[in-house]
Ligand code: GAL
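Take a look at this single chain in C-alpha cells; it is the form predicted on its own.
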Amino acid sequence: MKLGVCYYPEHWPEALWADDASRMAALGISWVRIGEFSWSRIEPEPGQFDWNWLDLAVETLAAAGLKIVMCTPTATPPKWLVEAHPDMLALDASGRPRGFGSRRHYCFSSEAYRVECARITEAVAARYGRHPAVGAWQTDNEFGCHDTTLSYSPNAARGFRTWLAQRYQSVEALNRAWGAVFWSQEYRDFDEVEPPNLTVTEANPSHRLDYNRFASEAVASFNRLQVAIIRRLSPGRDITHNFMGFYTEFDHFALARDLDLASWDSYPLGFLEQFWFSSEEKLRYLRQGHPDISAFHHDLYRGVGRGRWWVMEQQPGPVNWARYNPAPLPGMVRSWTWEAFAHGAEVVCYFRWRQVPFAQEQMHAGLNRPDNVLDQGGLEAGEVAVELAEFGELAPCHRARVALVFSYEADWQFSVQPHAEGFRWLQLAFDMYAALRRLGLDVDIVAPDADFTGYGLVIAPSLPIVETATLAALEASGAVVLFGPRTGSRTRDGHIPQNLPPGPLQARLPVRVSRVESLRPGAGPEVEHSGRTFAGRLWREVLDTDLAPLATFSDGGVAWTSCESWHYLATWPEASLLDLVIARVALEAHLPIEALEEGVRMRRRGDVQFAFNFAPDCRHTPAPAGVRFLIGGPELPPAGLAAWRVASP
C-alpha cells in the first residue's frame, strides 16, 4: 500500500523540481506519474527530440528515492503532427472534426496516427525503459474521455468495413444478421456500408451494436500496439492504463488482458454531480460523494485488473469540470484513500502535486496550492502516510461470496434501444451493487465469461445477450442467481429470440416474456410484495409462466419469480423493494447480511474489517463489542473511518 502523485515538471521552473521531489518524499509519496501530456516538449519539431528536461526530471525524482510511472504522451499529439496528418482527427456523430486545442484529438482508426504513436512510444521506451527509477508504465491517458471512443471518420469507416468483412465473410450474411431487408437497407458489397451516423431517423440497431463492437476492438488494438513496444524495451515493469468512472464505450475487460494491472481516476464529487443521482442525493453527499461511487469502481477495476489495480488519480479537493465543484468535507481525502486500500488498491496516486495557475485546469485543486503551500488534501495525504507506516501490510482482498456480472455489451445494447428515457444499464447495475453494499456485503464485479465457482450469489443486472457458456458456468457454480429485466431479450445479432425472451434462459428458468412496456416516471408499475405496495421504475414485462410469484404487479402479473434458486425480475425495483429482493436472495445463499445505518459502508481485506461514514452526521461503527480498533473507534464522525481485526476468511 503506497501513495503516489501526478506531476508535470514541464509546467514548472526547473529550480522547483528538486524541492518538489524532496517534499514529496517527506510527505510519504513513493510513486510519481509523469509524461502523459508532454509530446510537444519531448518532440518540439518533427524528428527533433529534446530529452534534456525529461532526463533531468527523471534523475531529480530518482535522487529523492521516488519511483516513476512513465507515460506514453499519445493523448495530446502536437499541432505540427495534426498539420502533417489532418485525417488523424476523429469526426463526431454530426460529422464535425474533433479539432486541435484541448486533448484526445485523434481517431483510434487512423493508421497514420498509429504509426506516429508507435514511433513516439518507441522513442520514450528506448530512452527510459531500463532506467532503474522507472518502475511502471501508463499507456496514453483516459481512453475515450470526452466522448472520443466512437469516431465517424473516413478512417473509421474503412476500418469498420474491414472488420465486418472479417466477421461475416459475406455481405449476404451481414444482411441476414442486420435484418437489412427492413427499410430496404440491403447491401451489395461491404464497401457500401457507412458508419451509423447522419441517418434521417433511427439507424439499424444491429448496425449500431456492431459499430460499438468495432470501436471497442479498435481501442484495445491501439493500446496493444503500445504495450508490445514497452514490453520489448522495458522488461519487468508493470503496464497499466488509467480508466475512468461510469464509462462504458469500450470493453475494459478485453483491453486489460494486455495489461499487468488496471488503474482508474477517482473523482467522487465530480461523478456525483455529473451523473443520474437525485437532487436530494447530490445535496446530502455534496462533500463526501455517494457512498457507493468509489467502491463500485474499485471493485470493477479490481475485476478488470484480475486482482491488481491502482487509483491513478485521486481527487484531492475541488475539481474544475463538473457543473458545480464543492470542496471535500475535511477528512474525506483521507477516507477515500483508505477506502481504496480496503478494496485492494496497491497504490493511491493523487492528482496533482500542485494546482496549476494557468490553462484549462487552473481551477482544479492539487495537494499544494498554486503558491506552493500544502492544501487540505496534501495534509490528509501526509496523515495517511503516517497511518500506513504504523499499520503495516494487509493481505490481498479475499474472494467475495457475491459476484455482480458487468457487461459492457449489455450497456451498448441498452444505449442502442433504451425504449425508455433514462433506462441505463449502468445505472441498473449500480443500483443493484448499492443494494448489496447496504447489506454489508463485499462484492466482486466480474465479466460475463468469468468462472463463478465459489460464489454463493451471482447478480446479473441484465444480460440482453445470454451466452451458452455463461449459463453453463452459472449452472456449474451452484450459486443463487438473480437476473434483472431484459435478460435474454436479444440474440447475438440483436434480434428478438425466436422463442421470445429470456431466450436460452428458458431452459433453466421457465418464463416467457410476451410483452414489454416502458412507463414514464410516476406511471408505475406498482408491485405488491408481502402486503406492501412498491414502485417499479420505467419498465414492465408480461411473463407467461406457471412458476409461483414472489411479487406481483397490481393487475396480478408476475413481477418476480424463481425456479430452483434462479430468480427473475420483470421490472426495475425502487430501492426499498430492491433491498428486500437482494436480502431474500442473499439469505437463500446463506450469506451473513447486516442492515447498515444510512451512509455507512463496510469492506473487508484479509483479517481487517473497515467501516466508512459518508453521511453528513455521526454514525455508530458496526463493530462487535469489545474489539480493538486499529483506526478510529465506536463512533464514526462525518468522513470518519474505523478498522478492526476479525477472524481470517
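When you see a residue number, it is the position in the sequence shown, counting from 1. A quick note: this is a predicted structure, and the numbers were derived from the prediction, not measured.
What follows is about the form predicted in complex with this ligand, which we do not show.
The stretch in contact with this ligand in the model of the complex, judged by heavy atoms within 4.5 Å, is 138-146, chosen from 414-422, 138-146, 198-206, 89-97.
For the candidate set 242, 294, 337, 489, a heavy atom within 4.5 Å of this ligand in the model of the complex is found for exactly one residue, namely 242.
Distance criterion of 4.5 Å from any heavy atom to this ligand in the model of the complex singles out 364 from the list 437, 364, 529, 302. Though the partner is left out of this view, residue 49 does not reach within 4.5 Å of this ligand in the model of the complex, counting heavy atoms only. At a distance threshold of 4.5 angstroms between non-hydrogen atoms, residue 53 is out of contact with this ligand in the model of the complex. Heavy atoms of residue 512 never reach within 4.5 Å of this ligand in the model of the complex, leaving it off the interface.
The closest heavy atom approach of residue 321 to this ligand in the model of the complex falls within 4.5 Å. Residues 265, 267 are the members of 262-279 with a non-hydrogen atom no more than 4.5 angstroms from this ligand in the model of the complex.
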